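Let's start with one chain on its own, the form predicted alone, as structure tokens.
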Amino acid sequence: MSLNIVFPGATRQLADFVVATNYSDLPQATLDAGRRSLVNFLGVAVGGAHHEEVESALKALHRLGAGGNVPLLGRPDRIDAVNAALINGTSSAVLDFDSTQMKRTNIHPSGPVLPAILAFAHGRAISGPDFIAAFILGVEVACRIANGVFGEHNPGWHVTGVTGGIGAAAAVSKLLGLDAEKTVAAMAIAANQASGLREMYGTACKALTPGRAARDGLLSAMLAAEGVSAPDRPIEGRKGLAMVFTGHEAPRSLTKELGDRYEIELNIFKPYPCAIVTHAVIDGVSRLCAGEEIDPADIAEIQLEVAPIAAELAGHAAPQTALQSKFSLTHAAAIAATHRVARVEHFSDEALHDAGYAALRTSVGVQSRKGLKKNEAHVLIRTNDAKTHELHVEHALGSLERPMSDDDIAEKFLGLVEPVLGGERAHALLGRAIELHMSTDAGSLADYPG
């Protein structure tokens, strides 16, 4: 007699793992990675809280009657929970300074997951350990689905928006204490809302993507908690997310080594507030100009060789807006040649229209070369005296191979937060984030108005 044994699908395996895994099960290296990602998120979210695009989004919500008592990071405003997730997620991405997992897809997992659980935690006395565990598990779900389903062959989906909400739904489900069946439902409801297009890069729509995913993830978990039904194979089903978005079945590797390693440990942190595929160029031009003492006025041309994906995502040779300049290899090279670094103010409207940067942008040539990694670049600078200066950047600053230290991340945090909160409160928030594992009220992290 044969037995028809039905093994759980990938979604159920992920849900079972979320339900079964707690803070005490997580390795110290994973917890350390979670702390770094939390600190980085709070820094970039508070730093971006008063950006004009965030202001516009908040005005639109108020015109629709949104209101509530959930705080917004770095702002005096309060609003309802789902829209707090939307705004905090948007502010975390608007500077293009958010953490990234470059393993395969360039997903930014903190932006959807943390705003969802932060909004949910308000007024609920969620403990620090429970909050941290939910965050790490939500990132695990978002990254595993992104990397497993999309990999490196992506026609144009912004995977942060496609899978980030599913991770957020799993994280909120963990805090709600949902069982595996309802966690699957939450993930399925979020999968039904999944979207995100790379065409939006260089506009405010890119920053709205993680915010929208955070909002959808929070709402999905709440709907599942109240009994809203959904299919049990939303990722791997015949007409599920994997097949519809890519034309291929979800790979078995999606749940491989689940629990043996954690995706959050692969998060990297940006030293520069722009598209991560420009960082090798900024690193290389900065080092070359500083080491050879090259004056920007003496530069005749800059030739860049980058990975095809870098040329694709940061191909705005003549950016028309400040947000486009963040996705411009030519602007990145001009900034690096001038300042030997790249900061938030270097991607402003004022910088965009600066005559010196504009002249340098026209001197930059970009070639894509197969075989180069996303964080790799060849830089050649030819000066007016016909001398050439070359540098190969194998791994950009901030990569896993050349990571930012805890001190670097703290310095970045304070540089972004102090102008908004002031020095004393910026240091207080940093301390709260670092010691969150000792807190009984993780939701109070958001209660630092600016």
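From 1 onward, residues are counted along the sequence shown. Computed from a prediction, not measured in an experiment: that's the story for all the values here.
The form predicted in complex with another copy of the chain exists for this protein as well; it is not shown, and the discussion that follows is about that form.
None of A180, V341, A358, L197 but one reaches within 4.5 angstroms of another copy of the chain in the predicted complex through a heavy atom, and that residue is L197. The partner is absent here; in the predicted complex, the one residue of L208, A351, L254, I136 having a heavy atom within 4.5 Å of another copy of the chain is L208. Using a 4.5 angstroms heavy atom cutoff to another copy of the chain in the predicted complex, all of N192, L223 and G237 count as contacting. For the chain shown alone, L258 is not a contact residue for another copy of the chain in the predicted complex, no non-hydrogen atom being within 4.5 angstroms.
Taking the partner from elsewhere, L31 is found to have every heavy atom lying beyond 4.5 Å of another copy of the chain in the predicted complex. In the predicted complex, at least one heavy atom of V244 sits within 4.5 Å of another copy of the chain. Taking non-hydrogen atoms only, S56 approaches another copy of the chain to within 4.5 angstroms in the predicted complex. The chain is drawn here without another copy of the chain; in the predicted complex, the stretch among 366 to 374, 184 to 192, 141 to 149, 268 to 276 whose residues come within 4.5 Å of it by any heavy atom is 184 to 192.
Although another copy of the chain is not shown here, in the predicted complex the stretch 209 to 229 places heavy atoms of T209, R212, R215, D216, L218, L219, M222, L223, A225, E226, V228, S229 within 4.5 Å of it, in sequence order.
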